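Just the one chain here, laid out as structure tokens, in the form predicted on its own.
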Amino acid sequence: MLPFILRSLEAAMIFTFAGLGELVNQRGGILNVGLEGIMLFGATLGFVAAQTTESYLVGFLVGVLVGGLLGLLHGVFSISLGVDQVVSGMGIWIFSFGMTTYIGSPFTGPLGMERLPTVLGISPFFYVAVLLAVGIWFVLTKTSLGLAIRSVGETPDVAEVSGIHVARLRYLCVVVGGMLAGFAGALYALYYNPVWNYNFLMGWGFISLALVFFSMWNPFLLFGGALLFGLLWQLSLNPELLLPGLFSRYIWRMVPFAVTVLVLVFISTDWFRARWGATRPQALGQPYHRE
């Protein structure tokens, strides 16, 4: 039972890193539905770099770097060119899906390196994820930088008049968000499941994206949602540990995605929008052009 819980927490930490990165994006008014693609690129190139250099540090750095670059690319399309943010994000995902298949194919198989050490049986990055959730909450709610980020996500025209450089701050958000997503992907490939295969993330980025809406843009609620989905994901892999003989393994494998769909349907209802809709950044997904 203990290994099941620990693996659930390790799955939750990956959802947390990716989800917090997207939360920063959206608080700044930028929607990135290409989160899965950024994670996939970070996972693949981080895996290739680590295996080639036999260095975990290089693998993680490459994952963070490629994530930041893809976040910057999304920023160029969404902020500078005013392209529809959903179209830009989907383009990044499709591009990543094809390119990582081509790049990673020669490296199919296990990482072949000694596993990273744990602290109390769990990855030290789990504790980092907890601290990151606290840190992002503090920055967004207790600092002038956080107020500026929330301002450009709510009323960018008013923020610009107040002396805030909207484009510059939004670029900061998309790059930081991309770096966290790339790191989450590298963490998946180098620690959680160090075996590269075609499209091996299997929707983790889309679940992380849904977590942002599920959390109502609150880092603490996002972390709680990550714990829930980490448990659901591990249950889908090992249902016999808790509920032996109940349903087929293939039915359990769809449970995390079914819950994701149900959550998205729920937050789309008129009741939810009337009661909690005010938490959504008003300018989310809307291009802003300086007058």
Partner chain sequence: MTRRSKHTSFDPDAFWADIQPGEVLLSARGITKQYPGGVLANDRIDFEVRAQEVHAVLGENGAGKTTLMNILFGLIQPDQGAIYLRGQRVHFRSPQDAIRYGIGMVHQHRKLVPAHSVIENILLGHPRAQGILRLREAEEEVAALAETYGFRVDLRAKVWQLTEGEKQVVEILKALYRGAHILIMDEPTSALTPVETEKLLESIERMSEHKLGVVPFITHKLPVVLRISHRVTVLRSGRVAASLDTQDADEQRLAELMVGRPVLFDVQKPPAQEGEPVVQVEGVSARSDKGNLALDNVSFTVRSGQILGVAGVAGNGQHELAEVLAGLRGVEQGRILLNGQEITRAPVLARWQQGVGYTPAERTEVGSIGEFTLVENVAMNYFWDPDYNRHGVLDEAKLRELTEQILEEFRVAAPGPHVKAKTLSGGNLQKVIMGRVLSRRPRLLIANLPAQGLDIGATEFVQQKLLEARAEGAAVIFISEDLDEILMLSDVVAPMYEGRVVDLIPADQADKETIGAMIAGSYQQQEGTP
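All values reported here derive from a predicted model rather than from experimental measurement. Positions refer to the first chain, counted from 1.
The form predicted in complex with the partner chain is left out here; the points below concern that form.
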Subject >> Which of 112-120, 185-193, 172-180, 135-143 lines the interface with the partner chain in the predicted bound form (heavy atom within 4.5 Å) >> reply: 135-143
Subject >> Partner contact for L131 in the predicted bound form: the partner chain, 4.5 angstroms, heavy atom >> reply: no
**OP:** Would you please decide whether T155 lies within 4.5 angstroms of the partner chain in the predicted bound form, comparing each non-hydrogen atom pair?
**Re:** yes
**OP:** Examine L72 and determine whether its closest non-hydrogen atom to the partner chain in the predicted bound form is within 4.5 angstroms.
**Re:** no
Original post:
Is there a non-hydrogen atom of I164 within 4.5 angstroms of a non-hydrogen atom of the partner chain in the predicted bound form?
Top reply: yes
